[in-house]
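In the block that follows, a single chain appears as structure tokens, in the form predicted alone.
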Amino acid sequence: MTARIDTTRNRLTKLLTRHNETLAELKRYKELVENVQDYAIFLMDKNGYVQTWNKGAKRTNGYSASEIIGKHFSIFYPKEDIKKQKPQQELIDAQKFGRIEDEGWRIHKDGSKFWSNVIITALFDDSGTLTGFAKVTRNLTERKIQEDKLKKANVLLKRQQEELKRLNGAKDEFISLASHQLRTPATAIKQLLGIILEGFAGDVPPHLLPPIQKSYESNERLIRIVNSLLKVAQIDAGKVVLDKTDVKINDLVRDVILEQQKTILARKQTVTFVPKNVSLTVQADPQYFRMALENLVDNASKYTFDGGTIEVTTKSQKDDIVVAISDNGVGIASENLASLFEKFQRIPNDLSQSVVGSGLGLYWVKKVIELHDGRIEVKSEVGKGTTFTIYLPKRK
């Protein structure tokens, strides 16, 4: 009998100890929840009436515990949400799915709105009967304000981009139309001045020949500028379609040098071609790639003083065919290299005043090389010269 009493006493002691531990744990949990500042955490009965209230809830919603306990949680919702029965629907959904999460405007005690993230969790007893709900709310107004500002900025930026695109398209269209309109009269002027200079219109007084010749040369420069504008307008509009074929680079380079030999010799310059490989073939458009090379060789000559040297080299390098055009001319300052391939960029140097140009040539060359899936690089030093290097993928 005594042993049975002792056993019962031990069981009661263990149960009491466990009960006290549970009460202590519940107390700690209650203190934790009640003292949370950044989150409103409270319990509601199964109809949505507030039963508990922590410090975070007072801070978030503005009500003290005595002011809100016993009130329906719909008091936190805007009138339009109440008309739509949003609070009731959230309880229905929470009971159905176990929990719901929502973000939206809520009403502070002082009537002001704040943006909140809300989680409502349905609570069930061991038999599965609904006993109430737990609700956690966090004030995200600052985040919402920043998001709205970002959205407005994105909308504005998109509008600005569309306007820039429209203006850029209008600019390209204007350049194209203007170039076409200019080329017709410029070509007619060239023909008329040519007839006069050749004497087909009769004898020209000697004192008139110099100004007529100067007019002819000025018109030629105008035609070159117009042609440059047209080429850029076409490539920007995506109207340039390459007709690629097998091109023997060394033969093409020799042709370009031979074609410009007369002009280069007139400047008392020396041009050399150094092929590092006997045979190099790439897939390229012969017409457009030739024009790109002509532009680079011509530039090398223009920006090199009389008596200077120009060297063109070709070689095979890993996956690329490399063409380099080097000169010992005026060179380019390092701070100007980044803008070298931009439209209408003319870099100031000792020869830029005497060289006529539109600032479009290198832009067009870069676009053509990129259409060939290649790239162009430049290295330069003021007073020592410049090297433009083209990398084209090898023929597959």
Partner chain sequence: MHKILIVEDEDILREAYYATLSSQGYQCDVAENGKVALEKCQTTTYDLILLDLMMPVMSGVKFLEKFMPNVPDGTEVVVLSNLSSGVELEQAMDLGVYRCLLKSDVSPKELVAAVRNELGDEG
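Positions refer to the first chain, counted from 1. Keep in mind that this is a model prediction, so the values were computed, not measured.
Beyond the structure shown, there is the form predicted in complex with the partner chain, which is absent from this document and is the topic of what follows.
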Taking 295, 336 and 339 as the candidate spot, are all three within 4.5 angstroms of the partner chain in the model of the complex by heavy atoms? no
I need the one stretch from 185-193, 86-94, 254-262, 117-125 whose residues put non-hydrogen atoms within 4.5 angstroms of the partner chain in the model of the complex. 185-193
At 4.5 Å between heavy atoms, is residue 317 in contact with the partner chain in the model of the complex? no
I'd like to check something about residue 215: if you look in the model of the complex, is any of its heavy atoms closer than or equal to 4.5 Å to a heavy atom of the partner chain? no
Is residue 227 close enough to the partner chain in the model of the complex to count, meaning some heavy atom within 4.5 Å? yes
Against the partner chain in the model of the complex, would residue 274 count as a contact residue? Criterion: heavy atoms within 4.5 Å. no
Exactly one of 306, 162, 243, 198 comes within 4.5 Å of the partner chain in the model of the complex through a heavy atom, and that residue is 198
Quick one: from 130, 223, 140, 209, grab the residue that has a heavy atom within 4.5 Å of the partner chain in the model of the complex. 223
